Structure formats: C-alpha cells, structure tokens
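This document starts with one chain, in the form predicted alone, laid out as structure tokens.
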C-alpha cells in the first residue's frame, strides 16, 4: 500500500525471534505484539499516530491518500466485506496451514488436513468471485486485493496449487505484475533469513507465548 500510494517510508525490522515484539517501545505501537504496525509522523491534526493490524493500516492509508478505498458507500461496503473476509478467514487459516505444514515439531495429520482444506475452500470462494470480476470488490483494484495477495503468494506453503484456481491465478498474476507490487515483493529483511524456527529458543519465543499481565 505504501508503494502503491508513493508514500515515503522507512522499514524498521522487528526481530521476533529475539522477542523484540515484547519490548515496551514496540508494545506502545502494537499492543498485540504483532507485525505489521506503522507510525505516521504526519497523522491527524499534524500529530504522530500509531496504527496496528494490517486491515486498520490499509483503511487508514486509504482514507489518508484517497486511494484504493472508495468513498461511495456501496463500493466501500464491497471493499470492506473482502477486507474483513481476509482478516477473519484467509489470513488466519492460511497461517495455521503453513504452521502445521512447516513449523509444527511433529506432523499432525488432522491439523494439516483441517487447515489445508479450509484454505482450499477459501481459494475456491475467491476463484468463483473472480470469475465475473477483475478484482475482489469489483472492477477496481483496492485494499481488499492488497490484503489478500500476500497470502495467495504463499499458496504452495499452504498446500495449494494455484493452477486449480484459474480465475484466482489470473488475478494473482495481474496484481504481481504491478510495479508497486514488484517493488514491495523485492524488499528483503536480512535478519529474517537468519531465523531458524527449529531452534528451541526461537520456537519458545515464536510459538510458546501465553498471557502477560504486566
């Protein structure tokens, strides 16, 4: 979204394998200790504002720039339906499928099948939707498409073959070819490649967290 809107930004990596997401400075920005999160130094009223949760970030940037988030109510409802569909369904289900397929300490067949099948169902929903529309919310590219494309990009990790979903595959190739998306996909964070989720210490930080009361 930042690339699409040509907004200047600085990437500040958060090393989640070392628990940096639990530091007070980051929790002040993202109280759920998750990424992504942003700080806009030129927020409402000219004062900085922090925004966490990707859906909220996309809506905020859409309102700020007037891009990819229509103001007309009927069109906005369609965008929000598919944005929230991703937040409640595609993201969590694909994330669980990837976790149990790649990061679980031992294979759990039921979990792998449960989440892989649900991602397959959700891909099917998108495939049907895109049979008669260029983009998820209709004719125009929107924050709903931006929210979903990253998860579709990881189809293979979630146990899916995009060739089985020709309309979804066409949509993905169309979005991937956008210059802003190419630039965004090209960003690499060096520290991320060094994380080994098989390391017990890393696993304890990434997957072993319970409630914190202070």
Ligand SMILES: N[C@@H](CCC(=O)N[C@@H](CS)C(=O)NCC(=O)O)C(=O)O
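Please read these numbers as outputs of a predicted model, since none were measured by experiment. Residue numbers count along the first chain shown, from 1.
Note that the form predicted in complex with the ligand isn't included here; everything after this is about it.
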| said: Please tell me which of 29, 181, 162, 35 lies within 4.5 Å of the ligand in the predicted bound form, judged by heavy atoms. | reply: 35
| in the predicted bound form, the residue from 78, 87, 130, 98 that sits within 4.5 Å of the ligand by heavy atoms | 87
| said: Residue-level contact is defined here as any heavy atom of the residue lying within 4.5 Å of the ligand in the predicted bound form; does residue 16 satisfy this criterion? | reply: yes
| task | Using a 4.5 Å heavy atom cut-off, state whether residue 169 contacts the ligand in the predicted bound form. | result | no
| query | Is residue 206 one of the residues lying within 4.5 Å of the ligand in the predicted bound form, judged by heavy atom distances? | reply | yes
| Might residue 53 be said to contact the ligand in the predicted bound form, defining contact as any heavy atom within 4.5 Å? | yes
| Partner-proximal stretch of 173 to 181, 39 to 47, 66 to 74, 53 to 61 relative to the ligand in the predicted bound form, 4.5 angstroms, heavy atom | 53 to 61
